[in-house]
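Just one chain follows, in the form predicted alone, and it is written as structure tokens.
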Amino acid sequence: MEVAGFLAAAAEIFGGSIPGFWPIVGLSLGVTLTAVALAALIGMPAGALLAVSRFPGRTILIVTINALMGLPPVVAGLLIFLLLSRSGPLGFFGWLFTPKAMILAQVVLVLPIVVALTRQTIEDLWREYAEHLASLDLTGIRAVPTLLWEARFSLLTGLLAGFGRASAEVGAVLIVGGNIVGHTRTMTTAIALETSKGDLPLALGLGAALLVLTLGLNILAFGVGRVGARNAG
């Protein structure tokens, strides 16, 4: 019965007969892709700069960033909630229980992953090409754009890891978004809601839809990386 119910729910979901399904999908993708893009814009230059710089406390900073890769989502959500609450320092923005708060929470979760993986990738590349770049007078911060460009296909893996972390997130977006129907309800929060209601077939159907979307984006990114690497070679 559960299998039959799951298949029926999946058919309804992919057939578009579930009210509000596509807005949920659109919001989920919009929030996650925006968060990953912002984390990339901030984290890639920061990670590359950390890779080529030497300063007191660098090791402690690297260890801290690596530790933040495992930051519990509910803790991140609680911190963002306190910042954006009416009495919080950023409460004047009025972002709490909006997609903006959900994006901010996901950026906090994804950013350490992007920074850490970028630093490791660029540091390995820097060791290999440091002398060559130095001969071109590209040292320190001046070498960052070149290193990021050369490592662009390798860095795609870090972005995929960040996307996976964000797309699977429930706790943080639930705390700061509130799971408001038609406003802040995402795929993951909808799955959590339907599971708590006991509608397991629908929850499984939504889970299948999320898996298909995630797999599709990963296949697309993998294909782009392979074609780009082949052309670069």
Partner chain sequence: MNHFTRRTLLAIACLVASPIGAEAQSPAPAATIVVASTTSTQDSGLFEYILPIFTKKTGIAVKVIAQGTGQALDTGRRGDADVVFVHAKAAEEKFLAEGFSEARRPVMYNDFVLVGPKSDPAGVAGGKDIAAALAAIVAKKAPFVSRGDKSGTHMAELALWKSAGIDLAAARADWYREIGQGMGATLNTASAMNGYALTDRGTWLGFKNRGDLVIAVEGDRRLFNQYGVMAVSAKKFPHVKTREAESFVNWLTGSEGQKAIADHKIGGEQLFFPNADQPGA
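Residue numbers count along the first chain shown, from 1. None of these values were measured; they are calculated from a predicted model.
The protein also exists as the form predicted in complex with its partner chain; that form is not presented, and the subsequent description refers to it.
The contact residue chosen from L90, L96, L160, L79 relative to its partner chain in the predicted bound form is L96, the criterion being a non-hydrogen atom within 4.5 angstroms.
L193 is the sole member of A46, V170, I65, L193 with a non-hydrogen atom within 4.5 Å of its partner chain in the predicted bound form. R58 falls outside the set of residues with a heavy atom inside 4.5 Å of its partner chain in the predicted bound form. Within this chain, P72 is remote from the site of its partner chain in the predicted bound form, having no heavy atom within 4.5 Å. Interface membership of I103, defined by any non-hydrogen atom within 4.5 Å of its partner chain in the predicted bound form, is confirmed.
Put simply, A203 is far from its partner chain in the predicted bound form: not one heavy atom of it is within 4.5 Å. Stretch-level contact analysis of 161-169, 204-212, 50-58, 34-42 against its partner chain in the predicted bound form, using heavy atoms and a 4.5 Å limit, identifies 34-42. Contacts between 140-156 and its partner chain, taken as any heavy atom within 4.5 Å in the predicted bound form, involve I141, R142, P145, T146.
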